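So this first bit is one chain, no partners, the form predicted on its own, shown in structure tokens.
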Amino acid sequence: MKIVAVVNQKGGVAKTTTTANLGACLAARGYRTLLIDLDPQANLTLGLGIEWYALECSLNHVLLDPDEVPLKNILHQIADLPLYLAPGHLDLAHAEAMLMPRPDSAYRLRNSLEDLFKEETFDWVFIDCPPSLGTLTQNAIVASSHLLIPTEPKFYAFAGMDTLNKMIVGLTKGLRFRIELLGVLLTMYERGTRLHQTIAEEIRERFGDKVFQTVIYKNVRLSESEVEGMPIILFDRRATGAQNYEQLAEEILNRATG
């Protein structure tokens, strides 16, 4: 089992889109996949057709009181796939503030996952992180075996990766855990844009074979599928976005088994 934090402190780089669609592509291949919406915006939850504001319990309850609300109690199956969602909620922002002074604040999600895995088996877990390096993102990183870093080929998204790397180094030393970089993913790529080509080349030069060969091109059908509350492969399998994420799933499986 691989637990993957989808993380970048820069917002708008397709973390949520990648979490939803990569997870769906793996589930469509028969892999039992869990998605965790750790972002207080709860866009992953809404984008998969679940109204967070109508839920009795969501991830904020799990983090604050796991004995009362264990993770297994909030899971929702998506479509007819072996794809499950731990939904987010606006109140995750409040939960983060409540967790900060607690000595085990960075381990809450990890402990909840360990309890879940005593009863449920998953092949892949993907955690959609907020665009910050606060307690919620720390929870995701500490709980994970791997990182997946989506980045738009623009200067500010690329520059933010340095800060992220420094935080991860600090966490791994201070909290004594190991994590590997599964890969850097170029997203929202526009064909024929010189700026995108230049920064993409710079990213590939710096991270080498850790950068996925697959590129996620800018595709309006991806946004339309989120409005309809379903992954792109269920909304329009012929769309460029669907083909991109199918290719990414194949590349990730090859990396995981290679």
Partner chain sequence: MRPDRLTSQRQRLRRQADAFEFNALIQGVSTLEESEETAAAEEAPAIENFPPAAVVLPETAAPAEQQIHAKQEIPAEPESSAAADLISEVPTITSPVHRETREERLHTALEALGIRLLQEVGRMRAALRAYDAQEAGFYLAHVNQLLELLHSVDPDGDVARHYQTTACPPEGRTWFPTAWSLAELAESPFSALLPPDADDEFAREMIYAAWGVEFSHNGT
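Positions refer to the first chain, counted from 1. Being a predicted model, the structure only gives us computed values, none of them experimental.
We do not show the form predicted together with the partner chain, though everything after this point is about it.
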Though only this chain appears here, would Glu190 touch the partner chain in the predicted complex if you measure heavy atom gaps against 4.5 Å?
no
If you check in the predicted complex, is Phe207 within 4.5 Å of the partner chain, heavy atoms only?
yes
Hey, in the predicted complex, does Arg29 get a heavy atom within 4.5 angstroms of the partner chain?
yes
Considering non-hydrogen atoms and a 4.5 Å limit, does the partner chain approach Glu119 in the predicted complex?
yes
Partner contacts in the predicted complex for 1-27 (non-hydrogen atom within 4.5 angstroms of the partner chain):
Met1, Lys2, Ile3
